[in-house]
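The chain below stands alone and is given in structure tokens; this is the form predicted on its own.
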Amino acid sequence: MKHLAILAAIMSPLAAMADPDPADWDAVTQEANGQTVYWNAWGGSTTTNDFIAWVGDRVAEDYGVTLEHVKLTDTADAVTRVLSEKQAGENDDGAIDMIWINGANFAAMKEADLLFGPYAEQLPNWAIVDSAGKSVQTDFTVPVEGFESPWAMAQVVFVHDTEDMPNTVGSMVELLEWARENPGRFSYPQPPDFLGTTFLKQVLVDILPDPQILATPVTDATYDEVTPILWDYLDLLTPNLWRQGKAYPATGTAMFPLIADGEIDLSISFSPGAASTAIANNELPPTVRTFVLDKGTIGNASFVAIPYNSGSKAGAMVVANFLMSPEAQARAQDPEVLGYGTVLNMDALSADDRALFDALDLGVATLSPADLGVVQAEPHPSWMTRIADDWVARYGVAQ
């Protein structure tokens, strides 16, 4: 018995350090009470920052979790931080508890075993996520396998002021033709900004005869086969961009002011409701509308992931689960808040929860789900790392 008592004493600290079981939700919420979650998330938008602050208020009220928004300019900084902590042996209580992540950053963390999980599909609100109809189980073609949970849907839309550009274009070739007829009236953020690289992806997906080649990791042979058509396109487009391509908006949030100031007529956004939100906030004129291309546009989900060495995994799971709640999803879809697409399956909701969405006025510039059309798949992340580097060498300018 003495030996058993000693063994129990030795094992006790280890048990206390064990990861929470996402399938035991009562235990998760009990452990989360009193924890502080440091959510590393892009901080470049006031509306997004306000939404995250509201999430913090709600999880504090319902679960006793304190949420601290660590504002990032580049998600890769958080990935580097977690990797550095692993190399330094800081495996139990890292500085980051949750990251707004997707694409190449998720692929890198998953490949390096830097993520806690799988957890996402065991969260209570996963049952109402539209896992069959929305791209929430792959991230830029990389299987998610429960190592991140979705909280918003995004799809490329083009934003135009109908006062100056009454007609839309149906393809990237038509966009090029319009830009040559209207020089200086279009631009896109400078890669490697996320929206800037998204524009490059949209060009490729639309002009390639078979974009399926982008679904697999890039090789030297496929890169040499695919990219000449992109560089040819950009060589024709660049002299007709805003400021002749000698300057670029630094980020996506810098695009709308250019429309509001009358400097450009056409912009790109990865949020179908962002234009309506900007109109509601008097950041865009009421004549602005959105459109998509005839073959559809690129779409994906935004995710959150929990680093393997978070000291507040239970609290982070509580926040991740709340982000998938009808309350949070309806608020995020409200164009006067964020205007993000929902990850939820409307048919899986109760009548009361569905009423939250039915009551929303999506705004004058937001396309209906039917009008958004086909969602084109993201290329494998290996493509864009290489293309963004080459774009900087060919077209990049000092900011």
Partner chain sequence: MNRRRAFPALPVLTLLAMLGPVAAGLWGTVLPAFGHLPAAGLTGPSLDPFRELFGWAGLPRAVLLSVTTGVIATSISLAIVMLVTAGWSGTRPFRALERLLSPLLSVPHAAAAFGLAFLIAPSGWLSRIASPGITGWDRPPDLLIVQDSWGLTMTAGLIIKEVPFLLLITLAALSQADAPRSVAISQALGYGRLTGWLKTVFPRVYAQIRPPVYVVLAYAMSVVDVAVILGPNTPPSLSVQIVKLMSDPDLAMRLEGAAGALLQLALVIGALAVWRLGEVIIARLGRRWIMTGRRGRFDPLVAQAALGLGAISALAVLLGLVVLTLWSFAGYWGFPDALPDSFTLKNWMRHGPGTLEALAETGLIAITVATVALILTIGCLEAEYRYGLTFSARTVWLLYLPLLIPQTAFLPGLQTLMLNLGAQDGRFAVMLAHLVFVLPYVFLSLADPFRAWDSRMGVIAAALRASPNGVLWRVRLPMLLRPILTALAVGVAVSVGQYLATLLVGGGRVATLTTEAVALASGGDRRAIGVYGLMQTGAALVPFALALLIPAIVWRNRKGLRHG
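Positions refer to the first chain, counted from 1. What you are looking at is a predicted structure, and each value in this text was computed from that prediction instead of being measured.
Only in words, not in the display: the form predicted in complex with its partner chain, which the text now covers.
- Its partner chain is not drawn, but in the predicted bound form it has no heavy atom within 4.5 Å of residue 187.
- At a distance threshold of 4.5 angstroms between non-hydrogen atoms, residue 362 is out of contact with its partner chain in the predicted bound form.
- The closest heavy atom approach of residue 105 to its partner chain in the predicted bound form falls within 4.5 Å.
- Its partner chain in the predicted bound form is approached by residue 88, whose closest heavy atom lies within 4.5 angstroms of it.
- Of the residues given (291, 248, 303, 199), 248 alone sits with a heavy atom within 4.5 Å of its partner chain in the predicted bound form.
- This chain appears without its partner; in the predicted bound form, the one residue of 146, 285, 296, 211 with a heavy atom within 4.5 Å of its partner chain is 285.
- The stretch among 316 to 324, 274 to 282, 216 to 224, 116 to 124 whose residues place heavy atoms within 4.5 Å of its partner chain in the predicted bound form is 274 to 282.
- Contact with its partner chain in the predicted bound form holds for none of 21, 34 and 343, as no heavy atom of theirs lies within 4.5 Å.
- In sequence order, 70, 71, 73, 76, 77 are the residues of 52 to 78 having a heavy atom within 4.5 Å of its partner chain in the predicted bound form; the partner itself is omitted from this view.
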